[in-house]
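First, one chain by itself in structure tokens, the form predicted alone.
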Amino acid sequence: MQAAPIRELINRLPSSQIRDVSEIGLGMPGLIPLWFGESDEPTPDFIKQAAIDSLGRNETFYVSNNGVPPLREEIVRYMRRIYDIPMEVDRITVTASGMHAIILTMQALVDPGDNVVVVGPVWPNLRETVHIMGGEARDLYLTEEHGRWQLDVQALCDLCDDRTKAIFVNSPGNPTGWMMKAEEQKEILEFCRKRGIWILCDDVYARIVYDRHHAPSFIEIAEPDDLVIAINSFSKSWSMTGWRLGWITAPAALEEILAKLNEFNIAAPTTFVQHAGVVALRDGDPYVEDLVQRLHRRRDLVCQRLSSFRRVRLAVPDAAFYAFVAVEGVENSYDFAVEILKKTKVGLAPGSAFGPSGEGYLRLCFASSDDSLRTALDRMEPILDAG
């Protein structure tokens, strides 16, 4: 019996090139995996203990769709503390990861035929959430000029038309480590206010910044009822990638809408994980600050070494934990990532995974131990420093 067809749009969704490369290296002896966006540090013990304590209290039952009250309240305190802004619980929805927050947001906003203007190069999963909803992702690519990534705000605005539902900005950015300026955010916010366009800001790397306490966010300059949705996650700053926990900050008018969407997707994130999230936010600032110090040192280690290789060009990232490097002579970054994997046992992400503007680049995640990074660079030097 022939299987019934699925939606053609879903059938056309591409696989992740990052995952594809990692599958080739799966189980490879001596592998140094620097392809995924996560630290090699385990979740700190005080967060793990909070989950154990929650299980001991039998907090394993269904909870409110928007999240358990203690976590929503702790997120409010965190947002007030970090951004020094007013914040209320009715603006917070807890999600099962930043990725889940993105797809919920697209489900809430995007109709077939709508478009979302996306600042790229960008994490590949983001653009596909627009396509899943039958929308169009319109790309405005950063340009690399004088060792810095630059955004053309006017070109971004010019891409918008009557079908533009939102502008999506990931800052600090994956894969580039670019960080939007507060002045650029103000300009875009004023444009979107006039046009009735949503701003979706991915603030997942907001705390992983090397010259200040946190990255500028639209949430700091927006009014509570502005069309601004901020997405955050516990994955990066608290080393909780596998826990799958995040949150949305949105106008209070979306509280019931997001509760419904959570109900129809997952009901609510895992209960005892949410209680661990309370402790991560309440007690985690010292851990985050120490992690950023380690990442700062590793950024400098990696960028100084990569900059010495003759085939490599890179803009030193302001934030996040990636080195996004252009390699001379590379026309197919996927094939080159596979070549490096097989020759050196170092796993990197191909730049083409992040859109056409990433072709010719490789992404290296430097959230790994100093020894692992040094060994990886030693292994790759004969390829990347070839004359």
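Note that residue numbering follows the sequence shown and begins at 1. Keep in mind that this is a model prediction, so the values were computed, not measured.
There is another form of this protein, the form predicted together with another copy of the chain, and it is not shown here; the text below is about that form.
*Asks:* Counting only non-hydrogen atoms, choose the one of 330 to 338, 43 to 51, 351 to 359, 27 to 35 that falls within 4.5 Å of another copy of the chain in the predicted bound form.
*Replies:* Only one stretch passes the 4.5 Å heavy-atom test: 43 to 51.
*Asks:* Is residue 129 a contact residue for another copy of the chain in the predicted bound form, using a 4.5 Å heavy atom cut-off?
*Replies:* Yes - in the predicted bound form, heavy atoms of residue 129 and another copy of the chain come within 4.5 Å of each other.
*Asks:* Taking 4.5 angstroms as the cut-off for heavy atoms, does residue 317 touch another copy of the chain in the predicted bound form?
*Replies:* Contact with another copy of the chain, no.
*Asks:* Given that another copy of the chain is not shown alongside this chain, does residue 83 nevertheless sit within 4.5 Å of it in the predicted bound form, heavy atom to heavy atom?
*Replies:* Looking in the predicted bound form, residue contacts with another copy of the chain do not include residue 83, since no heavy atom lies within 4.5 Å.
*Asks:* Can you work out whether residue 382 and another copy of the chain are in contact in the predicted bound form, taking contact to mean some heavy atom pair no more than 4.5 Å apart?
*Replies:* Residue 382: no, not in contact with another copy of the chain in the predicted bound form.
*Asks:* Check 11, 100 and 243: does every one of them have a heavy atom within 4.5 Å of another copy of the chain in the predicted bound form?
*Replies:* Yes, because 11, 100 and 243 each have a heavy atom that approaches another copy of the chain to within 4.5 Å in the predicted bound form.
*Asks:* Have a look at 301, 87, 108, 159 for me and say which one sits with a heavy atom within 4.5 Å of another copy of the chain in the predicted bound form.
*Replies:* Contact residue from the list: 108.
*Asks:* Quick one: of 294, 311, 163, 260, which gets a non-hydrogen atom within 4.5 angstroms of another copy of the chain in the predicted bound form?
*Replies:* By the 4.5 Å heavy-atom cutoff, the listed residue in contact is 260.
*Asks:* Using a 4.5 Å cut-off on any heavy atom, which residues of 57 to 85 would contact another copy of the chain in the predicted bound form?
*Replies:* If the 4.5 Å heavy-atom criterion is applied to another copy of the chain in the predicted bound form, 57 to 85 yields 58, 60, 61, 62, 63, 64, 65.
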